[in-house]
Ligand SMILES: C[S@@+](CC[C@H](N)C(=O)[O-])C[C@H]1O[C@@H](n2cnc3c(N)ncnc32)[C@H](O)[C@@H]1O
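Presented as structure tokens, the chain that follows is alone, the form predicted alone.
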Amino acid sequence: MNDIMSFGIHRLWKKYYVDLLFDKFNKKEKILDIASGSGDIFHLFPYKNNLYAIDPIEKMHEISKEKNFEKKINYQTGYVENLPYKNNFFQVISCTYGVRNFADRLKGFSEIYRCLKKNGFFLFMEFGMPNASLIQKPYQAFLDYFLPFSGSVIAKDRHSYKYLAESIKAFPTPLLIKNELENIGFYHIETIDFISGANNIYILQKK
């Protein structure tokens, strides 16, 4: 489904994203992947140690363990709003396509800030609505009709992909997200957009 809904581009986005993580990460420090899912990010990540993963679904960790059997990943089952880690514990925190699902986004951002070391980095990638008027209507139609239909046919799960479409449409603009993060205390380094904001990478630092 990821290949179908992104026409395979999500693989390039993830590779680009992991390269950014690698650029920010000190291998002697610790990195946390939030909403880690089936372990795609750490599967692409070149280091084997000091890796931490948290996800609310235990079965996702089981898939990740098979995929990343050569890596020493510290797994936790839990939610971002109540991270089970000490203050100033991680040098990098990552989240791919999970921020839309935070039950309390501001609390989640605050917990991430708490667990980051001073000068540590928070990077996340998330879907959004494109800015270019030329593709807004086609993209809306893609979300409203193609995505739920494909989900029902291929994944046998129309409901989940209808929720995915609705959560993308409801997600705040990059400017609003930037303001939320800055109000918590983050320094906004950069927002990298793909397809006019249909997919964005946010890069923040704890000063």
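When you see a residue number, it is the position in the sequence shown, counting from 1. What you see is a predicted model; the values in this text were computed from it and never measured.
This next part talks about the form predicted together with the named molecule, which is not shown.
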Contact test in the model of the complex: Asn101 vs the named molecule, heavy atoms, 4.5 Å: yes
Interface membership of Ser36, the named molecule in the model of the complex, 4.5 Å heavy atom rule: yes
The named molecule contact in the model of the complex: Pro84, any heavy atom under 4.5 Å: no
Any non-hydrogen atom of Ile57 within 4.5 angstroms of the named molecule in the model of the complex: yes
Stretch from 68-76, 91-99, 115-123, 133-141 whose residues place a heavy atom within 4.5 Å of the named molecule in the model of the complex: 91-99
Heavy atom distance at most 4.5 Å to the named molecule in the model of the complex, all of Lys107, Glu190 and Ile201: no
